[in-house]
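Read the single chain below, which is given as structure tokens and is the form predicted on its own.
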């Protein structure tokens, strides 16, 4: 029971996070596109990423909403958060100027707070993946 509630809570947190950030990026699309275009690591890919990132966030949220696809959604959440976290570490370590392309409230975080926030979500995704696997094992035993 606690396992299922924890898994549902983790899924809900990711759904809220990804829908919120995707909507923020779409609502302020032009600014998002310009800011990621200023990033020294992804300048060439900015036009594609400006669409691909929020679309991927919405798709992941949808995967998490549908119980049949929740496992895929948890793995995708883990991958997305790991990518975001790695990007932050590389950007902060190697770049003199660090543009923030995050949406909404998250854009108000310092880079250190943002890094901790992302690490927490990476760990939540890992926990969710583990709980989902354990949940499936209980059903099949």
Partner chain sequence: MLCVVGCLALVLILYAFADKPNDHKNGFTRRVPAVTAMFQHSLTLKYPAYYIAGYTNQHIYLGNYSASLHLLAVNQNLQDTQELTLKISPEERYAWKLTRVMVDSPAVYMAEGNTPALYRGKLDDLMMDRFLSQSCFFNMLQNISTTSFISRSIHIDSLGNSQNILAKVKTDSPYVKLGKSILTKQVDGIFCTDGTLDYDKQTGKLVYLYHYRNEFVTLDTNLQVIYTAHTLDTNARAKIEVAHMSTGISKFSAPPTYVNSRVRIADNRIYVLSSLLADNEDRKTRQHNEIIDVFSLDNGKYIYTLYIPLKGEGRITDFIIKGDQLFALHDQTLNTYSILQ
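Residue numbers count along the first chain shown, from 1. Every value quoted in this text rests on a predicted model; they were computed, and no experiment measured them.
There is another form of this protein, the form predicted together with the partner chain, and it is not shown here; the text below is about that form.
Even though the partner chain is not shown here, does residue 110 get within 4.5 Å of it in the model of the complex, heavy atoms only? No - in the model of the complex, heavy atoms of residue 110 and the partner chain never come within 4.5 Å of each other.
Using 4.5 Å between non-hydrogen atoms, is residue 94 touching the partner chain in the model of the complex? Although the partner chain is absent here, residue 94 would touch it in the model of the complex, with heavy atoms inside 4.5 Å.
Partner contact for residue 37 in the model of the complex: the partner chain, 4.5 angstroms, heavy atom: Yes, residue 37 sits close enough to the partner chain in the model of the complex that at least one of its heavy atoms falls within 4.5 Å.
Heavy atom of residue 44 within 4.5 Å of the partner chain in the model of the complex: Contact check for residue 44: yes, within 4.5 Å of the partner chain in the model of the complex.
Quick one: from 83, 52, 27, 58, grab the residue that has a heavy atom within 4.5 Å of the partner chain in the model of the complex. Exactly one listed residue reaches within 4.5 Å, namely 83.
Suppose contact means a heavy atom within 4.5 Å; in the model of the complex, does that hold for all of 31, 78 and 90 with the partner chain? Yes.
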